[in-house]
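Only one chain comes next, encoded as structure tokens, the form predicted alone.
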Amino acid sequence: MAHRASIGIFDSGAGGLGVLFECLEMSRGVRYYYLSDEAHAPYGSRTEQEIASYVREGLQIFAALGVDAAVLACNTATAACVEEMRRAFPFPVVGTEPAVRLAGRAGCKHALVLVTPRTAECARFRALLARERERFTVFSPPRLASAVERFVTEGERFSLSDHLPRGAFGGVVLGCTHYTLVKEKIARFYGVPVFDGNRGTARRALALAGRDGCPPIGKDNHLEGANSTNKRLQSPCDFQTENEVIFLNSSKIYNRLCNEHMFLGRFLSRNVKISQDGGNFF
């Protein structure tokens, strides 16, 4: 049986679901492990040293599972320690960064960049902005990531007006994966295009895991008599084209996904099997 590629997705909570959704849309036959460090969330108020410690522990779990690549589906974790993690682990570690370049390429002359307080202070993020010529206004809502987390996992409602600044902007860049889960709400709030890096992150992870497209589902073999390729390889094809998601230490997220229509529909449309492992991973 062919090797089944596996990718670990790590976040402090539910924010990494946006990256996972993009991965599922672009892949077939991949196993995803989703690990959230709910015990130490939110990361936006943690020190860089603390964040690096938590991320290392999470990636060690992925190493034990034998993943082909791992994603830090957290802008704060990426800004704090992605280079350190790339040196520490044998598999590729993909980071997630604010899509400021994407906003610039779209012709956005003045964008609001929403990031966590910790990301705003990180040298990596400041260097990212310095490389771009466009004008950006950086704002760090201190409690928005936590509000989105509670909205996703517990259904608690919140108002964006309590967290976001008013103003006229040409676009909004989401520098926290939690914010991408309410991307449509933010777009309506400002009435401008909203940019995030989830798709680029997913594409990079799949490329590094060797699955940046649909896997081969069979080939013509004229020596097999009258049987068509489709008939001969139907079962292997069905197996290969189904993605699998295993939630590690993420019971709240798993239960919400299974019972909330706004997420369940996104999974069903991608031919995916979901399950959870209730082990104590932190």
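From 1 onward, residues are counted along the sequence shown. Predicted model only: the values in this text are computed from it and were never measured.
The form predicted together with ligand DGL exists for this protein as well; it is not shown, and the discussion that follows is about that form.
Participant: Determine whether any heavy atom of V71 comes within 4.5 Å of a heavy atom of ligand DGL in the model of the complex, and answer yes or no.
Facilitator: No, V71 stays farther than 4.5 Å from ligand DGL in the model of the complex.
Participant: Find out whether any non-hydrogen atom of G44 is located within 4.5 angstroms of ligand DGL in the model of the complex, and reply yes or no.
Facilitator: Yes - in the model of the complex, heavy atoms of G44 and ligand DGL come within 4.5 Å of each other.
Participant: Going by a heavy atom distance of 4.5 Å, is T201 a contact of ligand DGL in the model of the complex?
Facilitator: Taking the distances in the model of the complex, the answer for T201 is no, it never comes within 4.5 Å of ligand DGL.
Participant: Wondering, does A145 line up within 4.5 Å of ligand DGL in the model of the complex on heavy atoms?
Facilitator: Close contact exists here: in the model of the complex, A145 approaches ligand DGL to within 4.5 Å, heavy atoms only.
Participant: Which of these residues, V173, C176, A205, A80, gets a heavy atom within 4.5 Å of ligand DGL in the model of the complex?
Facilitator: Of V173, C176, A205, A80, the residue with a heavy atom within 4.5 Å of ligand DGL in the model of the complex is C176.
Participant: Among 128-136, 177-185, 82-90, 154-162, which stretch has residues with heavy atoms no more than 4.5 Å from ligand DGL in the model of the complex?
Facilitator: Comparing against ligand DGL in the model of the complex, the contact stretch is 177-185.
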